[in-house]
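Encoded as structure tokens, the following chain is the form predicted alone, with no partner shown.
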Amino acid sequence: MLSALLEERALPPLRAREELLEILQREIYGRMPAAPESEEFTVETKVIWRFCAGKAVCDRVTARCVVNGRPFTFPFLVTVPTAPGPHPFFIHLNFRQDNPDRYMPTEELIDAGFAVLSVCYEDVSSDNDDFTDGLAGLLFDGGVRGPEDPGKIALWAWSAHRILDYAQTRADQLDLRRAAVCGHSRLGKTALLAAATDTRFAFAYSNDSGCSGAALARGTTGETVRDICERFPFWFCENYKQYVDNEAAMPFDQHFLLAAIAPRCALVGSAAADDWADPVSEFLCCCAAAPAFPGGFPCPDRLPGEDEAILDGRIGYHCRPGLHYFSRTDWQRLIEFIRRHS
């Protein structure tokens, strides 16, 4: 059944990881910005007093980078259990600075033995077509981009790499062998790109990332390339616009993005009623990327149920009832996936 569904989509075949990344950067996300010329981190300790009833310490960290010879700073929060480490950890690309947050149940993550390093994406670059502010303002002359220059998703992914740089300075407390990057919706797309372009991440999780994330573009019943390019063209490079109403001409589809994470671990989460993100296309994307992962994608030869988790392979998938949201169920399945593959 699944092979027939994939054949209907006429997907381009997978290639070596370097080729996948070249195509993805050239055609959809733009070229990832280079690492900063220099960086250092300033730590403000215990910014939330007696956090999680003393089970964790929350620090505010400021990354101080030099990009194109000019200073750039952005803050993020680091919450680490007080129990002896090193701890597995999430770099959570989030929509807000709040800790905890409706998309980040921090105390539950601490109780599960995980640390969490969280960043508000708009502290890195605004979520609009302004390429003169934040990190974007250091990369483009007058905010004007060329065809392959990065969109905002690539800039946000760059920040996850910098936070991982910081995590390496705390290897006594943070288990670098179990570093995960995660996000919801547009930030799920960002998490996948961050992991695809940085092999230091052992795990990547996209939650309801949909079009231009973990959902195949060919044959989708949800958001299309036209939809997303009309509303959010600034997320991508200018080259992506050539595939509006022209998905069949793409030399890629989103299984390239998942496959670029292999042989490390990737988990895709869907919500059964999130039709815009198209759970079927997200599931089939995992199927199409399976050959890149050791052991493939061990799933039944059928579409999944609306409350089903397939977690045994290095590429995994789960679907839960409900709408577009990063829920506690999603976090719980992500934790289970990491534990199974650690």
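Please read these numbers as outputs of a predicted model, since none were measured by experiment. Residues carry their position along the shown sequence, with the first being 1.
The following text describes the form predicted together with beta-D-galactopyranuronic acid, which does not appear among the structures shown.
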property: Region of this chain that lies against beta-D-galactopyranuronic acid in the predicted complex, out of 76-84, 251-259, 138-146, 223-231 [heavy atom, 4.5 Å]; result: 223-231
property: Residue 235, heavy atom within 4.5 angstroms of beta-D-galactopyranuronic acid in the predicted complex; result: yes
property: 4.5 Å heavy atom contact, residue 328 to beta-D-galactopyranuronic acid in the predicted complex; result: no
property: Close approach of residue 276 to beta-D-galactopyranuronic acid in the predicted complex, 4.5 Å, heavy atom; result: yes
property: In the predicted complex, residue 189 touching beta-D-galactopyranuronic acid (heavy atom, 4.5 Å); result: yes
property: Answer option from 185, 197, 173, 99, heavy atom within 4.5 Å of beta-D-galactopyranuronic acid in the predicted complex; result: 185
property: Any residue of 307-342 that, in the predicted complex, places a heavy atom within 4.5 Å of beta-D-galactopyranuronic acid; result: 324
